[in-house]
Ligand code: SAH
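The form predicted alone is given below as one chain in structure tokens.
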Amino acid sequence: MQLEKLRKILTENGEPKFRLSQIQKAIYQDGVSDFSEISTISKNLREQLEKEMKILSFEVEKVLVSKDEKSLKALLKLADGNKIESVLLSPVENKWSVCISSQVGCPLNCGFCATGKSGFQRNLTAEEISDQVLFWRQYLKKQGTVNSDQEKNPPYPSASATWQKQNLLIKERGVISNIVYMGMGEPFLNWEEVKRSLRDLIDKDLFAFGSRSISVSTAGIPEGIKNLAEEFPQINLAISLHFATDEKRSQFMPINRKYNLEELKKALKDYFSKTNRQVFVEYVMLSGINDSEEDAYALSTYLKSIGNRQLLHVNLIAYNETGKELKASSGNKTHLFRDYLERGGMSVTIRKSLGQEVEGACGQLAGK
């Protein structure tokens, strides 16, 4: 939401200072999606705000929900016509994680990711980033069994056709417990806007999330890792590693040609020295490419060379197919890979995959 515009309107109307706090609480914490719903302000002010500004910086084109209602994906249309996707997942009953985008498309063009195939359009603003969380908070606020009135007047008019076709709402109330910058784009290539959005998310007068409930995932931008350590040392860091040799990593992740594994190692050593915080290492399992015993040995060797092994945790991720070129490793192969890492003293988890049904799992977001 455009806070500066809101402040200006309130000031021009001679509203008392506490009015801003009332509106912020209603929108950011209570999940109000329309100014007309804010009962603590006058009818005239509600009508003026409805006329002069919008709460969200985008329109909701459609929302897809999996059959078990634990995975949701929203297609969001920005003011300039560009589109992004945002995902809501429930790995634990009534607890929700929001996966947010930081760019329209992505410039990194990783070979296993659908986002990069669509190219890069632009960076998102801080408002466009944090509004994704705001939207899902509103969505959860409006959840419940769909009734006839809601079918006629869906919560998001721009999604009307989809809403009536799919009859979608979450049946049980839940709360957003985690936020992950793992959607479209590389967060550290849009650091200034990402930084502003992080500040809003942890601001006690706005979203009021704890720093440790937020994670930022990077393909390995050393300067970004340094910035996160210095400015947000309590926010979680995740590294999209996926390959433990420069040859393979450069083949599938062109960013490695600029920042190779040695550069990434140096950045992580510095990160540990400043934060002493755990780092999550993301590793997508690709059949016949990075899932052999030799690959497991290379990964274990590389991670041990970083030091602070107790602060490194590997997440093995099932590849979500985005084309015919690559295939996911079998369950047996993934378990053998995990066992090898564990025998080498590494902390490792085979991460439960959510979102495939709505094409909202890792690597599947394409803004369409």
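All residue numbers refer to positions in the sequence shown, first residue = 1. Just so it is clear, the model here is predicted, and its values are computed rather than measured.
One more form of this protein, predicted together with ligand SAH, exists but is not displayed; see below.
J.: Of S71, S97, T125, S217, which one comes within 4.5 Å of ligand SAH in the predicted complex, counting heavy atoms only?
T.: Selected residue: S217.
J.: Give me the residue from N236, S240, Q138, S118 that has a heavy atom within 4.5 Å of ligand SAH in the predicted complex.
T.: The residue from N236, S240, Q138, S118 that makes the contact is S240.
J.: When the contact criterion is heavy atoms within 4.5 Å, does Y319 count as touching ligand SAH in the predicted complex?
T.: Output for Y319 is yes: heavy atoms within 4.5 Å of ligand SAH.
J.: Can you work out whether F112 and ligand SAH are in contact in the predicted complex, taking contact to mean some heavy atom pair no more than 4.5 Å apart?
T.: F112: contacts ligand SAH in the predicted complex.
J.: Please check if D291 has a heavy atom lying within 4.5 Å of any heavy atom of ligand SAH in the predicted complex.
T.: Answer no; every heavy atom of D291 is more than 4.5 Å from ligand SAH in the predicted complex.
J.: Does the 4.5 Å heavy atom contact test between Y181 and ligand SAH in the predicted complex come out positive?
T.: Flag for Y181 set to yes.
J.: Which of these stretches, 207-215, 261-269, 227-235, 280-288, has heavy atoms within 4.5 Å of ligand SAH in the predicted complex?
T.: Heavy atoms within 4.5 Å of ligand SAH in the predicted complex occur in 280-288.
J.: Within 183-203, which residues come within 4.5 Å of ligand SAH in the predicted complex, counting heavy atoms only?
T.: Counting only heavy atoms within 4.5 Å of ligand SAH in the predicted complex, the contacting residues of 183-203 are G183, G185, E186, P187.
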